[in-house]
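The chain below stands alone and is given as structure tokens, in the form predicted alone.
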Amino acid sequence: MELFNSESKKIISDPINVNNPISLQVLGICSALAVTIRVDQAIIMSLAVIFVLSSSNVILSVIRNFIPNRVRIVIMLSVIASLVSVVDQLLQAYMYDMSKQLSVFVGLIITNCIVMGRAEAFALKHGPSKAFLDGIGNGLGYGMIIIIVSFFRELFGSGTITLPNGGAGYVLFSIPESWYAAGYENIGLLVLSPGAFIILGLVIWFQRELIGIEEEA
């Protein structure tokens, strides 16, 4: 199979546009709400999910013909948990502050329904190359949404935009003092759970309107 033929492009692009795991399938909502307070957290979480999703898809695709059907869930969890442990150890070794900020949410990638769902629905039914592209596509679709949500939550909730910078964050942009002098105030609601639901709901609505999805009555 050619790596970038029309079928391969569709496998990657569909989860980003017409079948996004968060905004269209409504999966992985918990982590999408939990790690979107700052942009740097969302970026690192996105990279972690992309790594785990693409790697687990490839591994499970390679061994799919040797997995007994009745224990496939246990094997999937074992593969995914091992990869999550690798991510967690790398974060603790090289980005310790970020590791503490994400804490339990990295571990919860094990039970992320996007990762489990793609393993069950795609990786166990296709070859490694397609499984890898599916993991990349769904990881990018997941990452795109949580980074957009975190951008608006951090900008209007905290007045900053923070990017990853080693173990700490780097403030790329902050709302000018002149805005505050003129009476602007950060929207504190956006750094709380209700604010996350509001922003995520608006992002889901916008994407569904953009691609023309009509909800059934």
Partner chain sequence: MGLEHYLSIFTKAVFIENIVLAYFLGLCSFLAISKKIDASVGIGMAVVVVLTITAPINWYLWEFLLKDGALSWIHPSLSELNLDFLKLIVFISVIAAMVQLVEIFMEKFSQSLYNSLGIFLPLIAVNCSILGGSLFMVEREYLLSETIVYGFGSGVGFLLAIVALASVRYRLRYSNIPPRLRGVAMAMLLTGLLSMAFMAFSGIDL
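Owing to the predicted nature of the structure, the values given are computational and were not obtained by experimental measurement. Residue numbers count along the first chain shown, from 1.
The form predicted together with the partner chain exists for this protein as well; it is not shown, and the discussion that follows is about that form.
Chemist: Which of 184 to 192, 171 to 179, 156 to 164, 47 to 55 has heavy atoms within 4.5 Å of the partner chain in the model of the complex?
Modeler: Partner-contacting stretch among the options: 184 to 192.
Chemist: Considering 110, 124, 144, 136, which brings a non-hydrogen atom within 4.5 Å of the partner chain in the model of the complex?
Modeler: By the 4.5 Å criterion, the partner-contacting residue is 110.
Chemist: Find out whether any non-hydrogen atom of residue 202 is located within 4.5 angstroms of the partner chain in the model of the complex, and reply yes or no.
Modeler: It does: once the partner chain is placed as it appears in the model of the complex, residue 202 has a heavy atom within 4.5 Å of it.
Chemist: Against the partner chain in the model of the complex, would residue 132 count as a contact residue? Criterion: heavy atoms within 4.5 Å.
Modeler: Looking in the model of the complex, residue contacts with the partner chain do not include residue 132, since no heavy atom lies within 4.5 Å.
Chemist: State yes or no: in the model of the complex, is some non-hydrogen atom of residue 16 no more than 4.5 angstroms from a non-hydrogen atom of the partner chain?
Modeler: Residue 16: no contact with the partner chain in the model of the complex.
Chemist: Any chance residue 30 has a heavy atom within 4.5 Å of the partner chain in the model of the complex?
Modeler: Output for residue 30 is yes: heavy atoms within 4.5 Å of the partner chain.
Chemist: Give a yes or no on whether each residue among 96, 208 and 212 has a heavy atom within 4.5 Å of the partner chain in the model of the complex.
Modeler: Verified in the model of the complex; spot residues all in contact, yes.
Chemist: Residue by residue through 67 to 81, which ones have a non-hydrogen atom no more than 4.5 angstroms from the partner chain in the model of the complex?
Modeler: Contacting residues: 77, 81.
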